[in-house]
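Only one chain is given next, in structure tokens, and it is the form predicted on its own.
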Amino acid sequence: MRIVVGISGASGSLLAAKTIEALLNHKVRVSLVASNPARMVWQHEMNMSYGESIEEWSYNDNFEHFAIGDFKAPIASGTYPTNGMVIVPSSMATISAVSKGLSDNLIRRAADVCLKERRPLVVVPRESPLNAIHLGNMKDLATFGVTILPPDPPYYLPINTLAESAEFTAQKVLNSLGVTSQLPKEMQYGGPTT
């Protein structure tokens, strides 16, 4: 199984890191591409640099990385077998471009490939509040079969940190892509707590 992971320039780098780690932990091949703004945001939000993270993940045989402008990358073609894609986090600019069929970088082209090949595409939007344009673009994507998965904190679970919330979102992403995943027992819903 291979999943394309796109990281756009929205806040929420931790969501991307936890998703990549969860996929690799499930022995899923990961094809990663990040925009230049995503790399800048990463530097502000994460303890480990983007380059250091790539280096760490590269030790895993199931990991590959492509540059944002590499239109010769295999993920730019429908002939390259993948099982879907997640854009995590997704900026509203990326959502807008994908909803309009603009393929001006590798993230957007890979998403377009998923749409044309009818492969699962999951978008984790990061913006608040949302205006009518944002909502309209997400509605268009949902009409095309895209899963819109906001990273909402699971208030009903005993989760106390941003990292735990990001892990929860990562597991939801995996489930949406058909990767059987389950939260650790301590994070599973067991009814109301007091």
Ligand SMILES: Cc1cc2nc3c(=O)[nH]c(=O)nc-3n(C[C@H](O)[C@H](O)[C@H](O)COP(=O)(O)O)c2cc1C
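Just so it is clear, the model here is predicted, and its values are computed rather than measured. Just count from 1 along the sequence shown to find any residue number.
There is also a form predicted in complex with the named molecule; it is not shown, and the following applies to it.
Against the named molecule in the model of the complex, the set Gly9, Met40 and Thr94 is in full contact: each member has a heavy atom within 4.5 Å. The closest heavy atom approach of Glu164 to the named molecule in the model of the complex falls outside 4.5 Å. Interface residue remark: Glu127 is counted as part of the site for the named molecule in the model of the complex, having a heavy atom within 4.5 Å. For Asn105, a non-hydrogen atom is located within 4.5 Å of the named molecule in the model of the complex, even though that partner is not displayed. Using a 4.5 Å cutoff between non-hydrogen atoms, Ser35 counts as a contact of the named molecule in the model of the complex.
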